[in-house]
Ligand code: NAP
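The chain below stands alone and is given in structure tokens; this is the form predicted alone.
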């Protein structure tokens, strides 16, 4: 951290010209504390003018000329890079990034003379090195150097390794960041982890995997308010970066005056969540695809909705562990009944549930509780049969040959699979079904707002609904479980797209 104790927000600018770099810094100035100048992106003719940059902006600058082997654009020999580093060292840059294997004594001496601080860095774009904590501790060659590690985790275990390394005893000033979706929490929670800074990129110009734009970092994730004592809430899923839940929970935390933040956490193994929760002080979590059933293995107590539906979408800390519930059930029920004309029961209504995962279990439980006559369709017939058997439903394979069964259960169709989400935006799980126009059609997907499946239903004249209303309602219930407070009225109906 800096002398004020605040973790800095650093904008990485990777442009071909000096003028464009200044323009980017100026555009985002109100959100940032400093900027990293990526000289490896500059046109050859612009390199001669790079030392002018410190006089053209009012923020401290990091001079970086990243080699290709470290994930940058500089592919020329070191004897051509060294003169640029020498010039930058005395040009008024606040910081100079030097890789761990670089031994330029004259560059380091010039930095000391000019008061330019060295960031001693490693960049691993292939994974997370073993003994990362020890590597970090031994990076600085002098006491005033800042140790930096930017590595690419590829699993939850890798993220845990980064978090443990960040807490390595003996580390002074440090920058420890995980790249990509697995490492995203380290960027938002940099202050909680004690990092000197976090990097971001101009909107639409991600210069490193996992970079977020500065406005989102400050406004959505409330970066300025995060400290070591901030409570962490999250959504766990795989993939997870499409989630809009941070746009629902973070404004509510701010409105309620709570020292809390909500972040997406990509998780591949539910059993790893407990260690992750310990390291990040996670107090509660939303659970999404594909963990809603498997996460039951780690909860110390589950309520009736989880036991009955066989699916858990909410974890909250209690009794030294996590309790589980399922807010999908009441959220789906209330939004479906509104779509169905305000009915309180669906007695005898023929209904189809597409899918047999965690969300399908919650939906099937809700529908059978309401009295609907349900058929489960799924590509893996064993899963369809197992889910249907639990709730006394019928089942069939998700294929064209099941059309007669589907026709008998098509007054209401609920789509619960990931077909239609990124990267399957063009996918339609019921491509073979032609809508009559009198069906009630519900797709739990909310990004995109209208899947191919839902658009076909709407164009046929069906009453349709995507998953946005369900998303909001289940999140309001989660907020109450997380905080003990009602979701703020002023935040209700917030647009998450």
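If you superpose the two forms and keep the largest set of C-alpha atoms that fall within 1.5 Å, you have the rigid core. Numbering follows the first chain given and starts at 1. These figures come from a predicted structure and were not determined experimentally.
This protein has a second form, the form predicted in complex with this ligand, left out of what is shown; the following refers to that one.
Undergrad: Although this ligand is absent from this view, report whether residue 198 comes within 4.5 Å of it in the predicted complex, heavy atoms only.
TA: No, residue 198 sits far enough from this ligand in the predicted complex that none of its heavy atoms falls within 4.5 Å.
Undergrad: Are any of the heavy atoms in residue 446 no more than 4.5 Å from a heavy atom of this ligand in the predicted complex?
TA: Residue-level check for residue 446: yes, a contact with this ligand.
Undergrad: Within a 4.5 Å heavy atom cut-off, is residue 292 in contact with this ligand in the predicted complex?
TA: Residue 292 belongs to the contact set for this ligand.
Undergrad: If you check in the predicted complex, is residue 380 within 4.5 Å of this ligand, heavy atoms only?
TA: The answer is yes: residue 380 has a heavy atom within 4.5 Å of this ligand.
Undergrad: Thinking of 185, 227 and 284 as the candidate spot, does this ligand come within 4.5 Å of a heavy atom on all of them in the predicted complex?
TA: Per the other structure, none of 185, 227 and 284 touch this ligand.
Undergrad: Which of 252-260, 268-276, 353-361, 110-118 has heavy atoms within 4.5 Å of this ligand in the predicted complex?
TA: The contacting stretch here is 353-361.
Undergrad: Please pick, from 471, 42, 65, 441, the one residue with any non-hydrogen atom lying within 4.5 angstroms of this ligand in the predicted complex.
TA: Checked against the cut-off, the match is 471.
Undergrad: Exactly one of 216, 155, 424, 134 has a non-hydrogen atom within 4.5 Å of this ligand in the predicted complex; which residue is it?
TA: Partner contact (heavy atom, 4.5 Å) among the options: 424.
Undergrad: Hey, which residues along 391-427 are within 4.5 angstroms of this ligand in the predicted complex, non-hydrogen atoms only?
TA: Contacting residues: 398, 416, 417, 418, 419, 421, 424, 427.
Undergrad: Using the rigid core as the reference frame, would you say residue 398 shifts its C-alpha by 2 Å or more between this form and the one not shown?
TA: Yes, the C-alpha moves 2 Å or more.
Undergrad: Is residue 64 displaced by at least 2 Å at its C-alpha between this form and the one not shown when the rigid core is overlaid?
TA: No; that C-alpha moves by less than 2 Å between this form and the one not shown.
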